[in-house]
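We begin with a single chain expressed as structure tokens, specifically the form predicted on its own.
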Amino acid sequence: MTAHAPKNVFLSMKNRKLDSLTALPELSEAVEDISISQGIQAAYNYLLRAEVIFNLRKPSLAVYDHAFHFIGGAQKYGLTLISALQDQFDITIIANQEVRHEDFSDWYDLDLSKCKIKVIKLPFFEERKAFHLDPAFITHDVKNPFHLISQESGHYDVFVNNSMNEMVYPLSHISVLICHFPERRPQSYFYADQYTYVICNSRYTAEWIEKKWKFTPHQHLYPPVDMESAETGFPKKKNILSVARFEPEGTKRQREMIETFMKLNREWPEIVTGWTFILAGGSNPNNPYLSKLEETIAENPDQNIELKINVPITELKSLYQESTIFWHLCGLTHEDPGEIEHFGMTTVEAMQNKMVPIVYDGGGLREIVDHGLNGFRVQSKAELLEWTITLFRDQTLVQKLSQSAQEKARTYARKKFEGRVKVFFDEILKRMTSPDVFKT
């Protein structure tokens, strides 16, 4: 059999209507040839593809993230992608810890009931009772625990790795790595360059993929943000809001923002009167960083500082609608480019609700906030204070910037994201189902 025989099999039979591939004796010969020349997985992928080409089933798609079990912007990205594709594909959500459809609904207001959830426990992390499955723990002298996910990926037509976890080797016919930031340089178990496509979430991430991984991502797709309310005219309160995960390492800089607000109370009591600082976000259980923040606030009960942990989407929407100023300092005093905000979904969510953002001047936030036009970018706590006081004193400026912020934020609307996702995956389906472009 020649190298092009599998292609000719499809071309010669593409108009047949079949109930089973067993009706294609030519296919057996093609599969045997591929198995010998390329291996069992390639032959299996060939058969999977044949089932889709002959309309015996819907194409299957799996989306994996080792952090699907808690709230996060990257996870919302992957799950919104799933939501846009669940009519086209038979979708399986792969997680490493227990999570329910109801959780996705509560956290992100997404109905993914058409999708299956498959939980694959990883013994390496189970033995350590780890809630946060950090790939950085895996060194060259440790057996790759994510090999179980690699094996699972071979059961689907399309495998999407949403976790920017470069330690998962893709076995599916078509594979997609969504990189929110290349956190580690190529080392043991580095497979990012083995994916058919690599998608990045911002220009900042794209630059660092090229610097760290030495290749150019195939597609730039900004995250989906859908926090703008259909209703208008919500009265704004004197609230400063920050929304970010309470990372155990403190990379979102909630402590520094609390210190800044406490300084406001001490040194400018006449203008901060009536203002409240609210910090909302998700957290792992037994988080020492969050515990320390709670202690600080408890020791200073007169500071008007509130913590909102793991709040449902309905409460988060209300916080956005009611608040006036948004603070985000992720990246302040960073030593690693990965500690800067890679994009900044919560900043866009705030802007969609006419909040004026004051954010760290770096990373993906530079792509969102245009200094002086729809918010401010700062590089120190002193600058954060300066621009916050400016807004306290100038309500006309607040109104002007809040309107501009909402207009800019609409650039990242969920509908636009879903439209781009569908176009991208339509091209994948064409590649997968067209006999004319089949490659052995």
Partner chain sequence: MDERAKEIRRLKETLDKKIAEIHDLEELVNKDIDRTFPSPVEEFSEKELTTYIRECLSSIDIDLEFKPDIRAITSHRKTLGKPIVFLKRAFLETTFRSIDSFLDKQIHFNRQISALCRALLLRTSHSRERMKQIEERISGCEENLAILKNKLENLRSGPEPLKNRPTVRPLK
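Please read all numbers here as calculations on a predicted model, not as lab measurements. Residue numbers count along the first chain shown, from 1.
In what follows, reference is made to the form predicted in complex with its partner chain, a form of this protein that is not presented.
The contact residue chosen from Tyr169, Tyr204, Phe104, Tyr289 relative to its partner chain in the predicted bound form is Tyr169, the criterion being a non-hydrogen atom within 4.5 angstroms.
Contact with its partner chain in the predicted bound form, judged by any heavy atom within 4.5 Å, is made by just one of Gln399, Thr411, Gln406, Gln41: Gln41.
Although the partner is absent here, Arg393 is a contact residue: one of its heavy atoms lies within 4.5 angstroms of its partner chain in the predicted bound form.
In the predicted bound form, at least one heavy atom of Asp193 sits within 4.5 Å of a heavy atom of its partner chain.
Its partner chain is not shown here, but in the predicted bound form it comes within 4.5 Å of a heavy atom of Leu56. Although the partner is absent here, Glu295 lies well away from its partner chain in the predicted bound form, with no heavy atom inside 4.5 Å. Just one listed stretch, out of 211-219, 348-356, 364-372, 318-326, contacts its partner chain in the predicted bound form at the 4.5 Å heavy atom level, and that stretch is 211-219. Taking its partner chain as it sits in the predicted bound form, the stretch 259-290 comes within 4.5 angstroms of it through a non-hydrogen atom at Lys263, Leu264, Glu267, Trp268.
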